[in-house]
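Quick heads-up: it's one chain on its own, the form predicted alone, in structure tokens.
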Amino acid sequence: MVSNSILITGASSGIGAALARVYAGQGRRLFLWGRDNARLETVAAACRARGAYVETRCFDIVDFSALIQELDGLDSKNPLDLVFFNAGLGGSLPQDRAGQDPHTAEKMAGVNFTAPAIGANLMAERMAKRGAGQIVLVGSVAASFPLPMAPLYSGSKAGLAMFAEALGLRLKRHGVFVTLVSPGFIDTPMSQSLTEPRPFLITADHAAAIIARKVARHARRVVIPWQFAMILAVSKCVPRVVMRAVLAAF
């Protein structure tokens, strides 16, 4: 199936903006959502220059009522072939804090898990009725590790990973595909804010090109860069007690 009608959340920067540029082209209808209107319009202009029809919406995705209303209205007018729930919120805990600030925790959990889960469920029902479509959930390799420096981030992404797998199993019978993207370190504003090392760093454009190729093949999971796929495979052979002991040192 050729995806001509595509929604990308978190499209104002990073992987979302890079995905928009990758998919921009003649005959493509791109719907780009983000929180920063100026940056979103810059991305939209670049996509229009490549021949795509582009509509933008600027709102906070953790306004769940607005999310449902916007997504329901958009898909009713323009049935979506491909949806990227890409918006994410990261960050590690300061050394002087034992736990996440409650308001920050609410926001991070909402952006990383609740919003994509709500959106994916809405699109699952609509795509299943059409018998076609693909939902892409952008998580993180952090989902596979209990990171003491970022417990809420890794936890929210772990929840998203399990949700993606379960939803994919449910939708398979309806001809709808679900892909989980698990990035490692990508050169985006989110990763640039980190003080920790960023091994195997790749650009957002490189990441988006890989994602688009594998999404076109209906891959169940995409781990980028490839070195992290190797790390995840090796980590499965490491006893959990050993992993916990190593991570506890951070």
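In this text, all values refer to a predicted model and were calculated from it rather than measured experimentally. Throughout, we count residues from 1 along the sequence that is shown.
Quick note: we don't show the form predicted together with a small molecule, though the next part is all about it.
For this session: Could you tell me which of 172 to 180, 123 to 131, 152 to 160, 94 to 102 sits within 4.5 Å of the small molecule in the predicted bound form, going by non-hydrogen atoms?
Result: Checking each option against the 4.5 Å cut-off leaves 152 to 160.
For this session: Decide whether Cys47 counts as a contact residue for the small molecule in the predicted bound form under a heavy atom distance cut-off of 4.5 Å.
Result: Answer no; every heavy atom of Cys47 is more than 4.5 Å from the small molecule in the predicted bound form.
For this session: With heavy atoms only and a cut-off of 4.5 Å, decide whether Leu82 touches the small molecule in the predicted bound form.
Result: Outside the cut-off, so no.
Exercise. With the partner left out of view, is Val136 within 4.5 angstroms of the small molecule in the predicted bound form by any non-hydrogen atom?
Worked result: Val136 lies outside the contact set for the small molecule.
For this session: Answer for Ile186 alone: is it within 4.5 Å of the small molecule in the predicted bound form, judged on heavy atom distances?
Result: The answer is yes: Ile186 has a heavy atom within 4.5 Å of the small molecule.
Exercise. Which listed residue (Arg220, Arg35, Arg213, Arg29) meets the criterion of a heavy atom within 4.5 Å of the small molecule in the predicted bound form?
Worked result: Answer to the contact question: Arg35.
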